[in-house]
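Here we start with a single chain on its own, the form predicted alone, put down as structure tokens.
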Amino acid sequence: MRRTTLDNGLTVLIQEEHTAPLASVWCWYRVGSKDERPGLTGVSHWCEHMNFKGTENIPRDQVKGIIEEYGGSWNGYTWIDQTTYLETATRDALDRMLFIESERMARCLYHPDDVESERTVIISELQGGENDPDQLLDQELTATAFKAHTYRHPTIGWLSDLKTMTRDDLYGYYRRYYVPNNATLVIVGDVDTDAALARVERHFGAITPGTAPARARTPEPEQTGERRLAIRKEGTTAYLKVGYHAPSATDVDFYPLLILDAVLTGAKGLNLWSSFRVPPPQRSARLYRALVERGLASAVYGSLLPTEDPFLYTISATATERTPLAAVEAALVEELDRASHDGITEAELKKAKAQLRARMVFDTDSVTNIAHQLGYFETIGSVDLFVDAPARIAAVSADAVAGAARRVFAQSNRTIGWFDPLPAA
């Protein structure tokens, strides 16, 4: 992989992969819901929508068609630390992909009519999420666990802000954060690095850098006692979530906790784009045996994601019919306390490492996934976090896992959420 920084501050990562005549382009911006202030929650996600609505040189109805002409795919997403856009197509489309991303960086339009149409779309998306009990509980758990850090904001935003945000709010945010010195461009595929870099310079080199966005954020204070919430709404299924403040991707406890999650709920990998589309191996996982095999839950899942700042490790369980949530919670907490007190065995450590190695192979099984991983980790810290991950996993000891369990699974560090369904009216 070659890393280059253009004169305007744009970071460029290029990796040649000649296994197929394909190329993947991702453009990453260091802006997500954690950069939003009260009154503008959801603005990062809304800007992502607007940046598919045409530019000065691409009519809105042609943005998608440019890549589809080459039989390729396109997409984008927003989360707490970043916003990103991608195209994957045949290598012949590389110039067109770079053209699209340079236009998106510098020349989006934000037509007032498009702003209003997307307001309706996003509010509908928010309301759809609120009608999903598991998604609603996850949002409320996060907002309860965080008091000070802006990770408490849902990526989609709060409804009152979505109703009042203006076109000028959106466009001003776009111009503040969509600048080359706040972006990373990643190219992976059947390309020549020097030739690809020359094309990048041609498309992006003349874009003017902006003022570095301010990054002042309040660190989350240490939690001093267990927090709880209970949602009572119409529904058919009961859900439990237990969230613990967890280390960031650069913390020494991150990889021990990743291995602990593999022991508890099955190994998942580290690719936010693809890892969670494939169910983890769970048959021997501790919480699967304690909850699913005993008939207390129909499903159990753990989520630990690499983030720039400390976020949450969340364990979710779907209660079986007529099983009280208190019984599910008691069994889950008992297993976590056992891990905190006794740690894991050497056999579990070995198995978890093997599973994680396999999952990380799948994390990079295509030019699209390789490009995602390079850009994602560069955005939250450094691409070295991705490169060094296998070695860091291999170096974890059982004692390190036990220490992480004791620190993370403290009762005072957890937030417990229930979705306890009401019968239909």
Partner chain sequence: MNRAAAIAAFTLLAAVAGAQDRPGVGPERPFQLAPRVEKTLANGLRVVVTRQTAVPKVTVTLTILSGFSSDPPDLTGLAQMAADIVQEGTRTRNSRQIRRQAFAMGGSLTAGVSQDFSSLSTRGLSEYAAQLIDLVGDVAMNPTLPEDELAILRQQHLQTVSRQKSSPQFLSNRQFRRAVFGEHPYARTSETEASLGAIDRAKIEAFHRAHYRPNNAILLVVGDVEPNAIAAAAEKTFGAWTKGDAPRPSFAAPPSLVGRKVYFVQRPNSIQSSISIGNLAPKRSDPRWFELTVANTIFGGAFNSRIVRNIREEKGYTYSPGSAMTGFADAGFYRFSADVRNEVTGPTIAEVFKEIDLMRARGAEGAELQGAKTYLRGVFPIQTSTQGGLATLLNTMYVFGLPKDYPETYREKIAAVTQEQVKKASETIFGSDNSVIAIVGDWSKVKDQLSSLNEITFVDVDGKPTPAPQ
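Positions refer to the first chain, counted from 1. Nothing here was measured: the structure is a model prediction, and the numbers come from that model.
If you look for the form predicted in complex with its partner chain, you will not find it shown, but the lines that follow are about it.
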Looking at heavy atoms inside 4.5 Å, which stretch does its partner chain contact in the model of the complex, given the options 175-183, 219-227, 92-100, 334-342? 92-100
For a quick test of understanding: in the model of the complex, does each of 4, 349 and 407 have a heavy atom within 4.5 Å of its partner chain? no
At the 4.5 Å heavy atom threshold, is residue 194 in contact with its partner chain in the model of the complex? no
Given that its partner chain is not shown alongside this chain, does residue 134 nevertheless sit within 4.5 Å of it in the model of the complex, heavy atom to heavy atom? yes
Residue 388: heavy atom within 4.5 Å of its partner chain in the model of the complex? no
Against its partner chain in the model of the complex, would residue 378 count as a contact residue? Criterion: heavy atoms within 4.5 Å. no
Looking at 416, 402, 22, 13, which has any heavy atom no more than 4.5 Å from its partner chain in the model of the complex? 22
Only one of 147, 107, 111, 289 comes within 4.5 Å of its partner chain in the model of the complex by heavy atoms, so just point that one out. 289
Taking its partner chain in the model of the complex and a 4.5 Å non-hydrogen atom cutoff, the residues of 360-384 making contact are 362, 365, 366
